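Below, in structure tokens: the form predicted on its own, a single chain.
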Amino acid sequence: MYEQIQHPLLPQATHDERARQHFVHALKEHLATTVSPGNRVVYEKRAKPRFVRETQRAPQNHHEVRRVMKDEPYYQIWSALQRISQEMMWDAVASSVERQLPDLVARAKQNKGELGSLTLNPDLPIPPYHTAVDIHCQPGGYHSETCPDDVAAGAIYDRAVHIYVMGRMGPLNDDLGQSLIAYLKTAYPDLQPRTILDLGCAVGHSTLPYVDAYPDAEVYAIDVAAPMLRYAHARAQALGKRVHFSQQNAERTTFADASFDLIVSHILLHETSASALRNIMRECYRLLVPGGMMFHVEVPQYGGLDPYDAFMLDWDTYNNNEPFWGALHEMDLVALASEAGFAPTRVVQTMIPSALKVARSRTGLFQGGDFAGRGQWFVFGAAK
């Protein structure tokens, strides 16, 4: 695994805190590489034959696979351990952040240099798809604040993501941004955006690569969560990257029409809702200049997957506080973009390889923490 770069904003763990975090990483690695493959064996030798006996045909989709797998003891044990490892991960990181939160807040305030900007809106309503559940089981979600100038949610997320993906998104957790950029440089070599917008940027993991990839562009990034943005801005300053962060809802932003040449997001869409997603697509269309492009990095739509792979990928819908995960991955994305104004012939749906060598260490399974099965990401986009 790549070690995470110890930038100035990353929480400093004690020996015991680091040991706990390494244990959770090892547990997740064991579940992904050693335990999880057994689910396929159980499916092929027990669950699938039982379904065939009952229906005289093989399961045709992930719903049918789930119907025969959910009561299998092996799957239940793996699933319970997977959920427990998630809760242990947040706990192992949160205790470290809570211990040093005043220092992290002070460090964030010190990193308000001349690079970029930070604009917060305390009156912005947090959408219900964020407040209804703690997304990814992160306690308090992304938006909760416990003190003035709080950065806890961002600090927890920065460290925990590295553990969650078992180091497979690189030392800066920026594989999503790096991979999309590598695709754009190859597929659209003439693309030279002057303005770039990252929707749902969280702490800016995937935002910052665009600063280096397109040095002449102004890079903007929005999120609804103030603690994430405070941390993101300070982190960008510490890493020497110029980004304009603002607290906004991607459904309705304050930017003028035709403000951006390129709009991107990185595993944002599944954390919204059906109505919000339609609003976001319309907003992308409004914000793009004629000829501008949007690209959203996600995990694959279920329609193109083997039913068993789709079932495993759908685990998050039922077990990881991701209520819109499954619904998104069954949507007709061409129709979605068309409703927003994009021509169907200008819609892109493709798989792209990870830009990082660490992709070789992925298991090839679609599962929590290793959901870029075989080191690939799904890209959905369109040109205006």
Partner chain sequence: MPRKAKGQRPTFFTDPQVEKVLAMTMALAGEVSVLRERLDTVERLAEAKGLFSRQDIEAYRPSARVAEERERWRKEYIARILRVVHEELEAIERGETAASYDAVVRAVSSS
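Residue numbers count along the first chain shown, from 1. Everything numeric in this text was worked out from a predicted model, so none of it was measured.
One more form of this protein exists, namely the form predicted together with its partner chain; it is left out here, but the text below deals with it.
Comparing 334-342, 34-42, 51-59, 320-328 against its partner chain in the model of the complex, the single stretch with non-hydrogen atoms within 4.5 angstroms of it is 320-328. Contact annotation: residue 212 falls outside 4.5 Å of its partner chain in the model of the complex, judged by heavy atom distances.
Contact between residue 129 and its partner chain in the model of the complex is found at the 4.5 Å heavy atom cutoff. For the chain shown alone, residue 77 is a contact residue for its partner chain in the model of the complex, at least one non-hydrogen atom being within 4.5 angstroms. Among heavy atoms of residue 261, none comes within 4.5 Å of its partner chain in the model of the complex. Only one of the listed residues (106, 274, 187, 191) places a non-hydrogen atom within 4.5 angstroms of its partner chain in the model of the complex, and that residue is 274.
Screening 352, 348, 27, 356 for any heavy atom within 4.5 Å of its partner chain in the model of the complex leaves a single hit, 27. Along 76-93, residues 76, 77, 79, 80, 81, 83, 84, 87, 88, 91 each place a heavy atom within 4.5 Å of its partner chain in the model of the complex.
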